[in-house]
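Form predicted on its own, single chain, as structure tokens, below.
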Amino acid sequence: MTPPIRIGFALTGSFCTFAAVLPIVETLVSRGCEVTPILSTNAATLDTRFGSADMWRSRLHHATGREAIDSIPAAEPIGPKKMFDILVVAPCTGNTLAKLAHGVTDTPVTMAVKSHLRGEKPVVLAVSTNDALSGSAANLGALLNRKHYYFVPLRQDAPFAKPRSLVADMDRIPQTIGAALENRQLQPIFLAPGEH
């Protein structure tokens, strides 16, 4: 019998995408994966018009059966203890993208990624940021060229209203995980607006 895939699933503060991400978590669990939520400081503490921090924490716990990792000390053992086969950051904000590109480790999520990469294991990024084609473009480019990072295919979500914004197609997270576990980037990385 094949052991279940152990997934660390990290959420950062692109709160508008949480509703699209939760069904993906539920899908992964329904496929037999062991999913552990990881929350950035903002995701763990901020109440927004998209819901309270406690509500999202509760829904993630209900979906996975696991308590969220929500502190730097709790995230640090991820690598040494080989807790996950793969780590997903969905949504991955421009702020988190910048920190990962520059080796800044000051949130539970960036610590989780750093610790996980210690074992040269795959990290999947599902980008969601309004400045992906401006301020965050250099960081996106840096991580596209870095080993062990794999990107969920992304697109301009509103090319005329927000011409520099990119959002990953969250429905492709499971496919991206499968490809990353084979050390392969799911293609194409960049999707046309409206492409499914």
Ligand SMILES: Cc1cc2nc3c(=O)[nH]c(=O)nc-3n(C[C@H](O)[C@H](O)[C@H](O)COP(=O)(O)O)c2cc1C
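Only a predicted model underlies this, so the values are computations on that prediction, with no experimental measurement involved. Sequential numbering from 1, following the sequence displayed.
Unshown form predicted together with the ligand; subsequent notes refer to it.
Would you check, heavy atoms only and a 4.5 Å threshold, whether residue 48 touches the ligand in the model of the complex?
Within the cut-off, so yes.
Hey, in the model of the complex, is residue 93 touching the ligand, heavy atoms inside 4.5 Å?
So residue 93 counts as contacting the ligand.
At the 4.5 Å heavy atom threshold, is residue 115 in contact with the ligand in the model of the complex?
Answer no; every heavy atom of residue 115 is more than 4.5 Å from the ligand in the model of the complex.
Taking the ligand as it sits in the model of the complex, is residue 42 near enough to touch it, meaning that at least one heavy atom pair lies within 4.5 angstroms?
Yes.
Within 4.5 Å, heavy atoms only, one stretch in 5-13, 168-176, 182-190, 20-28 touches the ligand in the model of the complex. Which?
The contacting stretch here is 5-13.
Can you list, in sequence order, the residues from 109-139 that come within 4.5 Å of the ligand in the model of the complex, counting heavy atoms only?
Residues within 4.5 Å: 128, 129.
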